[in-house]
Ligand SMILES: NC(=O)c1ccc[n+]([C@@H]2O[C@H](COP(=O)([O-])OP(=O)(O)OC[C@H]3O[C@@H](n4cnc5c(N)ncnc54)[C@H](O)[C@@H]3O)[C@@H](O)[C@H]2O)c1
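First, one chain by itself in structure tokens, the form predicted alone.
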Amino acid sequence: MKILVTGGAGYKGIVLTSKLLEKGYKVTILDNFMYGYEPVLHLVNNRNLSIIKADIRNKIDHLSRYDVIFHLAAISGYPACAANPHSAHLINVQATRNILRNLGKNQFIIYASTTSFYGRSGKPCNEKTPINPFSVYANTKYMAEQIILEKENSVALRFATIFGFSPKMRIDLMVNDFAYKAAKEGVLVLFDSFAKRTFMHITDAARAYIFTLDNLEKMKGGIYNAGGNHLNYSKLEIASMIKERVDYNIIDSQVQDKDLRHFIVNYDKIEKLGFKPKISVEEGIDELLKVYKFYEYYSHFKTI
């Protein structure tokens, strides 16, 4: 099986690529490498890895070579999309449409979707819950999800908020950011400390992708929340977990977060097929704090 990972040098993409190579798949990374080549250097001696430097906004002529495309390339997160709404639409939406136009009937595409669609209701949400995207990021990702699902051989994974270490680190993700501020700055300002969402370790995210690859016939044409029912936490609960490990100050602000997401996600659909995350938030925090001891400056962790 030949696999293409768009955004394969990114935070999730490089971890997924590593896991696919460990399983013996032939994998091609497609990335524009705007943040450098360092994340992929530890994999370049693998004979099953190919690397293409390209921008998904441009026409990609070789898509027919691949049996499965993991489509991860995107402008990710509220701040980056809000700062570049035109680029967010071109990359997240239009480029996705262009990729889909160039796929054959028998090719599969697995899309990196998001639970951010569920908005601010504070209520339990499953795959049938009406979506409520309130940001450029959520809107463009939802539009791309709808495009992907036009193809029968497709799966949309609505991921929980990811945390944990990656060779292409992102510090802007919530658990990663909270742990950094606690360890390096000694203070964390919490906006909307009550707000709940779900979290999943990056290794479990890669496992979810591979689980989907192993169950394509069962899952094709579907939307699946990807995470675990036991991993719904509020911001304050995450901050308190970190405080058990690091002595720092938590300041509860009365200002509302512009990126307020508040919902409890249900993962019964994917759990019934046999997938559950294995790594706890506490284990992820321990991992992050270990890493942060060796990195002294924020500049080491450029965001995607």
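Bear in mind the structure is a predicted one, so any value in this text is a computation, not a measurement. Start at 1 and count along the sequence shown; that's the residue number.
If you look for the form predicted in complex with this ligand, you will not find it shown, but the lines that follow are about it.
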{"item": "Residue among Leu190, Leu173, Leu100, Val93 with a heavy atom within 4.5 Å of this ligand in the model of the complex", "value": "Leu173"}
{"item": "Single option in Asn46, Gln256, Asn32, Ser240 placed near this ligand in the model of the complex, where near means a heavy atom within 4.5 Å", "value": "Asn32"}
{"item": "Triplet Pro133, Ala195 and His262 all within 4.5 Å of this ligand in the model of the complex via a heavy atom", "value": "no"}
{"item": "Listed range touching this ligand, judged in the model of the complex by heavy atoms within 4.5 Å, from 146-154, 101-109, 70-78, 214-222", "value": "70-78"}
{"item": "4.5 angstroms heavy atom contact with this ligand in the model of the complex for His201", "value": "no"}
{"item": "Ile56, heavy atom within 4.5 angstroms of this ligand in the model of the complex", "value": "yes"}
{"item": "Non-hydrogen atom contact Ala9 with this ligand in the model of the complex at 4.5 angstroms", "value": "yes"}
{"item": "4.5 Å heavy atom contact, Gly284 and this ligand in the model of the complex", "value": "no"}
{"item": "Residues of 161-190 having any heavy atom within 4.5 Å of this ligand in the model of the complex, listed in sequence order", "value": "Thr161, Ile162, Lys168, Arg170, Leu173"}
